[in-house]
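As a starting point, one isolated chain is supplied in structure tokens, in the form predicted on its own.
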């Protein structure tokens, strides 16, 4: 998988992090880029920021629906002939509350997007990558999957599941030439935090020794995992969190 031949598809390409990942990877030498998101407005924002020189396909998809994820992969292969890298970045926060105050629906929504969405990404990409005997699957987890955030149990639990999913998938598919890793971001401001109070944001910032990050602080990890530089890296959870998990 030479860098100049890469075909990359990104699920959850809208929003702050998805847009930053898309811009970073689009700025590298690619044979093709496919951007997908469930939100048309967010996806349009990313599309507008991506270089005009990149061969590009775009489509809407809900990652909790396997057929929609499979359709993204099929469209990628139909247009570009292969799929070298799949970035599965879609995710949702859970409502703020202690465990006994959270409804089953709060847990179900978190699992449908944060866990099943990542499973669907792997299920859709693996058949194509096994045939090629190569590929890199990059999941977005969170430092919340490595630490305990009070009042955010569904989010923490589902992100912990993503980290372990990457490890299990890495072991299962290593002999097929497929690498599976995840990135664990710390907190950065995005639309997902729009409902949090300034006080809550300040409290979160205080727990990051380097302060709150920005999406641009995270894209290097995705660029590394998408490249041949990471050809001996699989089953890893790369933490980029401003020191949050260090203490």
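Predicted model only: the values in this text are computed from it and were never measured. Residue numbers count along the first chain shown, from 1.
Just so you know, the form predicted together with a small molecule exists too; it's not on screen, but the next bit is about it.
**Student:** Can you pick the stretch from 195-203, 181-189, 23-31, 49-57 whose heavy atoms fall within 4.5 Å of the small molecule in the predicted bound form?
**Tutor:** The contacting stretch is 181-189.
**Student:** Exactly one residue in 71, 146, 92, 165 has a non-hydrogen atom within 4.5 Å of the small molecule in the predicted bound form; which is it?
**Tutor:** Of 71, 146, 92, 165, the residue with a heavy atom within 4.5 Å of the small molecule in the predicted bound form is 92.
**Student:** With heavy atoms only and a cut-off of 4.5 Å, decide whether residue 63 touches the small molecule in the predicted bound form.
**Tutor:** Residue 63 belongs to the contact set for the small molecule.
**Student:** Any of the heavy atoms of residue 123 lying within 4.5 Å of the small molecule in the predicted bound form?
**Tutor:** Heavy-atom contact with the small molecule at 4.5 Å: absent for residue 123.
**Student:** How about residue 77 - does it come within 4.5 Å of the small molecule in the predicted bound form, if we only consider non-hydrogen atoms?
**Tutor:** No, residue 77 sits far enough from the small molecule in the predicted bound form that none of its heavy atoms falls within 4.5 Å.
**Student:** Answer for residue 238 alone: is it within 4.5 Å of the small molecule in the predicted bound form, judged on heavy atom distances?
**Tutor:** No, residue 238 is distant from the partner.
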